[in-house]
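Before any questions on how it binds or moves, here is one chain, the form predicted alone, in structure tokens.
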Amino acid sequence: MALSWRSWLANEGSKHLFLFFWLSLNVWLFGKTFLLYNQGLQYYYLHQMLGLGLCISRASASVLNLNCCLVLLPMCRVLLAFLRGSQKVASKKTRRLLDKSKTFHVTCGVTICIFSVLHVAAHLVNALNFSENYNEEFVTLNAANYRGEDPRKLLFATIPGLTGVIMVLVLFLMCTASTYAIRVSNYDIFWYTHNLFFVFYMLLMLHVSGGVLKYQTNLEEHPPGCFNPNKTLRQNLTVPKALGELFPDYTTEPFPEDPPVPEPFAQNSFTRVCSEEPKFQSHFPETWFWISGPLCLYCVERLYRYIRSNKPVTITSVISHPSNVLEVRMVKDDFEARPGQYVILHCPRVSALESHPFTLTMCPTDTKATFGVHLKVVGDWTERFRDLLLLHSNQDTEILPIFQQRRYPNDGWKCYKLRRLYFIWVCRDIESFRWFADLLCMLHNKLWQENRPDYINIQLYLSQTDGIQKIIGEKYQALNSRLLIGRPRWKLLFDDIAKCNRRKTIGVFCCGPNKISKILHKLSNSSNSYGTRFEYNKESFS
């Protein structure tokens, strides 16, 4: 299956370009910080004490600052919705890139985990070096109180050490609870542990305020490794005879004819002389500059979403469909929506914090304010939500929805006319088609009445069956003729569609499991002999 570079650039170009920019920024920050602490004169004495651990710990910290800043931005759903509707973002590629915000959030999260391990390992080495390489000459540079101090005291008895340990535990909980197995088996665990991010960021702000690592401030008066004549004279003063009798073990060495030359300047023809002792100072925490803006933005958005969701929604009807599908119809004042948009449902009676997105299957019109969603009962939240709705089916029930509206600019937006729609639906059993069958039949009959029978091509596939089955009911005859046994032969379908639409651009929209999504994604990037380009899109609730 040959790759079509034209299709690949249309589907993947902007995504890979953005990832390349993000990766380059991470590499540049890591390398720049590593070289600064490895070769910077202000860190000369600190580097002599800590060695490579200093460079790695600070370089990994720079990468962590960047990604802790970026990881919050993809979760600002209101901001993303605004950008989609902005006149500044009229490109389809940019809009599709915004739909990948959740993927970028996961990428930043994985990067935080990886570099946190590297950062912790480097600081464990630093704690050991602070203890073993205690500098009696420059006491203020030390983090340890004396040579040979237990490194565990630096980890558990200091603010940076203690907050670092707690942050590692919080990050471990967030990472393990984010795995697919836990999210599927118990979404509540994922949701509540993920909200520990606020604790993580508060600890992060305390973690960087310890001021353990220090840099030299008086480089002009004391070049690193310079010759200090006052210090040398003090070391070579002859002890009086009377003191020598009192301290017989004390020995002195004669004043050298030529003063010793420090190693860093041994190859130079001259040696710089110190005018004063080195002075050291802690850095102002740079992490605050990185995370304060995105953290405040996210908190403001959460507050805005909370205020906006205070107006309740009245559930007008609850319809139970086959295959554990529930249809919920609702009404809300001043609510506007268009097909393809989604709502985020939050029901305090089910969960205080947990909420989930659902695609709108019924939108309000000028004459009817009702809107609705279909949800499949597959997890603990949907099970409790169903039980609550069926329990209170005879009385008004209020939930708190948050509506994420995808606005599209009216000016400067090139409209694409839909010429034909290929609707392909794959289910395991015949009952799974029932909840959507009425709408498909209604649409089919309407197109026949308008003399546009070829406008939509419906293909239903029954993947698991013991024999030929049909959707029971005379009104479903139009669908029974389009019901096929087995799985779609996707390559043949793509070739047939490309043949019927030569040299045109076709949008592919997938709503289904990842296995099918990967197949369609790969076929969309493949070349064909008809000059047809497929633009791949997947349902996204970002």
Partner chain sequence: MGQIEWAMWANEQALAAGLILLTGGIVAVAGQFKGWYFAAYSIAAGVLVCLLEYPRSKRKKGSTMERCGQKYLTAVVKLLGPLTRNYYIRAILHAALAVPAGFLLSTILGTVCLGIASGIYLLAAVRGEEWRPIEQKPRERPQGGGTMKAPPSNPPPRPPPDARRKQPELGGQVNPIPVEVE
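Here, rigid core means the biggest group of C-alpha atoms that superpose within 1.5 Å across both forms. What you see is a predicted model, and the numbers here were worked out from it, not measured in a lab. Numbering follows the first chain given and starts at 1.
This protein has a second form, the form predicted together with its partner chain, left out of what is shown; the following refers to that one.
**Student:** With heavy atoms only and a cut-off of 4.5 Å, decide whether F104 touches its partner chain in the model of the complex.
**Tutor:** Judged by the heavy-atom cut-off of 4.5 Å, F104 is well away from its partner chain in the model of the complex.
**Student:** Can any non-hydrogen atom of Y215 be found within 4.5 angstroms of its partner chain in the model of the complex?
**Tutor:** No, no contact at 4.5 Å.
**Student:** State yes or no: in the model of the complex, is some non-hydrogen atom of R152 no more than 4.5 angstroms from a non-hydrogen atom of its partner chain?
**Tutor:** R152 belongs to the contact set for its partner chain.
**Student:** Determine whether any heavy atom of M205 comes within 4.5 Å of a heavy atom of its partner chain in the model of the complex, and answer yes or no.
**Tutor:** Because no heavy atom of M205 falls inside 4.5 Å of its partner chain in the model of the complex, the answer is no.
**Student:** Under a 4.5 angstroms heavy atom criterion, identify the one residue in T176, Q459, S275, T314 near its partner chain in the model of the complex.
**Tutor:** Only one option qualifies, and that one is T176.
**Student:** Just to confirm, with a 4.5 Å cut-off on non-hydrogen atoms, which of T365, Q281, S463, S185 contacts its partner chain in the model of the complex?
**Tutor:** Contact residue from the list: S185.
**Student:** Is its partner chain close enough to A181, I189 and T193 in the model of the complex that each of the three has a heavy atom within 4.5 Å of it?
**Tutor:** Checking in the model of the complex: A181, I189 and T193 are all within 4.5 Å of its partner chain.
**Student:** Of these, 206-214, 96-104, 377-385, 283-291, which stretch puts a heavy atom within 4.5 angstroms of its partner chain in the model of the complex?
**Tutor:** Of the options, only 377-385 has residues within 4.5 Å of the partner.
**Student:** Scan 155-174 and note down the residues that get a heavy atom within 4.5 Å of its partner chain in the model of the complex; none is a fine answer too.
**Tutor:** Going through 155-174 in order - heavy atoms within 4.5 Å of its partner chain in the model of the complex - the hits are L155, F156, V168, L169, F172, L173.
**Student:** Relative to the superposed rigid core, does the CA atom of R152 travel 2 Å or more between this form and the one not shown?
**Tutor:** R152 C-alpha, core-superposed: shift of less than 2 Å.
**Student:** Look at W381 and decide if its Cα position differs by 2 Å or more between this form and the one not shown after superposing on the rigid core.
**Tutor:** Yes, the C-alpha position differs by at least 2 Å between this form and the one not shown.
**Student:** Can a Cα shift of no less than 2 Å be assigned to T193 between this form and the one not shown, given superposition on the rigid core?
**Tutor:** No, because once the rigid core is superposed, the C-alpha of T193 moves less than 2 Å between this form and the one not shown.
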